[in-house]
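Just the one chain here, laid out as structure tokens, in the form predicted on its own.
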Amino acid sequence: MDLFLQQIFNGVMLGSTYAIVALGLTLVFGILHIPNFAHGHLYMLGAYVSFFAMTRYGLGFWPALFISVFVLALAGVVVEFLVYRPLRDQPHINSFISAIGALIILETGVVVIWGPQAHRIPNPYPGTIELLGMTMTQQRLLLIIVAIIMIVLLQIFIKKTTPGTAIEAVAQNREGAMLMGINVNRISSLTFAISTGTAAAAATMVAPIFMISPAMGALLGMKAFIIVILGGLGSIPGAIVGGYILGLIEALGGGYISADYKDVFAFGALLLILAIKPTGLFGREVA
């Protein structure tokens, strides 16, 4: 029973990270209707910005996190403006190729600046808490709390604010939103800023727990796409639920079967769920 509870906690921790990253990816897909294949590498860059701020300038964990969020929000605006906006009305293959180029540039740039070796951000909260047979490190528990707060605040922003309503309007009908006077370009930039900023926050929270490396964005980005498909393309609740489902599947599979194959379980879950419900958990049939 203790092992089960421990794996549940680990799964919720992983799921919190996945949900935040997939949520940003879902927002971008809802606006542009194209997948941002560079999303995982922007997540990786957020971890390195925090690492640089803490090791080069001696900043604390929280100032480094806020700097990373700000820098990556700006980076998201730049990527939207340079990579996706010029190709908005072009075939999707063009955006796909441009995104591949962007992620190669990001990964190569990080290798040139910080080297190919892995790094670790100093853990600001190394203590542990014992509860119900579980050993919870403070940093992992904090990650879960911060992720839940971010999810709630983002939901409030989308549902209760004018910019959030504009994002929903553009996602539902771009032409109709333009006719209502909504600046679609501005909303696209805002959406990218939110997407990459939240990814940077998730990366910074995870960095003291796991090693960071230039290649870390590739696998995370792939898992984020799995989550978006599992939850239903463009579904915000689906991204949240899918993230936690994937985290729990990986933790329980790794704990009871083999940690060597935990990444395989994600693809197995994708195949199983899509075989039962091809549109994803929260997806709807297109008329």
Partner chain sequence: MAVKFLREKWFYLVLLLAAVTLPLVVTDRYIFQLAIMSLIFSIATLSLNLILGYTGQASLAHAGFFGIGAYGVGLMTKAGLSFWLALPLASFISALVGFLIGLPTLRTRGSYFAIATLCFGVIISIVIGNWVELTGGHTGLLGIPRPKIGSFEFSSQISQYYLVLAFLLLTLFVMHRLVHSLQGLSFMSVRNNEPLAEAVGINTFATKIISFMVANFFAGMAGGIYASLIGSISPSTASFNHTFNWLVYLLLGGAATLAGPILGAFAFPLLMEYLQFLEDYRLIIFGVLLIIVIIYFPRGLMGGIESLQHRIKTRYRLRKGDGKNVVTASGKSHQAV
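Residue numbers count along the first chain shown, from 1. None of the values given here were measured: they were computed from a predicted structure. The term rigid core refers to the most C-alpha atoms you can superpose between the two forms while keeping them within 1.5 Å.
What comes next is about the form predicted together with its partner chain, which does not appear here.
Engineer: Would you mind picking the one in T137, S98, S213, S188 that has a heavy atom within 4.5 Å of its partner chain in the predicted bound form?
Structural biologist: Residue within 4.5 Å of the partner: S98.
Engineer: Quick one: from N183, T108, Q172, N123, grab the residue that has a heavy atom within 4.5 Å of its partner chain in the predicted bound form.
Structural biologist: None of the others qualify; the residue that does is T108.
Engineer: Quick check on I245: any heavy atom within 4.5 Å of its partner chain in the predicted bound form?
Structural biologist: Contact check for I245: no, nothing within 4.5 Å of its partner chain in the predicted bound form.
Engineer: In the predicted bound form, does Q90 come within 4.5 Å of its partner chain, counting heavy atoms only?
Structural biologist: Looking in the predicted bound form, residue contacts with its partner chain include Q90, since a heavy atom lies within 4.5 Å.
Engineer: Taking 4.5 angstroms as the cut-off for heavy atoms, does N94 touch its partner chain in the predicted bound form?
Structural biologist: Because a heavy atom of N94 falls inside 4.5 Å of its partner chain in the predicted bound form, the answer is yes.
Engineer: Since only the chain is shown here, I'm wondering whether F66 would be in contact with its partner chain in the predicted bound form (any heavy atom pair within 4.5 Å).
Structural biologist: No - in the predicted bound form, heavy atoms of F66 and its partner chain never come within 4.5 Å of each other.
Engineer: Pick the stretch from 58-66, 45-53, 235-243, 28-36 whose residues have a heavy atom within 4.5 Å of its partner chain in the predicted bound form.
Structural biologist: Answer to the contact question: 28-36.
Engineer: Quick check: do V83, A102 and F267 each get a heavy atom within 4.5 Å of its partner chain in the predicted bound form?
Structural biologist: Yes, the whole candidate spot contacts its partner chain.
Engineer: Within 224-241, which residues come within 4.5 Å of its partner chain in the predicted bound form, counting heavy atoms only?
Structural biologist: Counting only heavy atoms within 4.5 Å of its partner chain in the predicted bound form, the contacting residues of 224-241 are F225, I226, I229, L233.
Engineer: Does the C-alpha of V12 move 2 Å or more between the shown form and the other one once the rigid core is lined up?
Structural biologist: No, the C-alpha moves less than 2 Å.
Engineer: On a rigid core superposition, would I273 pass a 2 Å threshold for CA movement between the shown form and the other one?
Structural biologist: I273: C-alpha displaced by 2 Å or more between the shown form and the other one.
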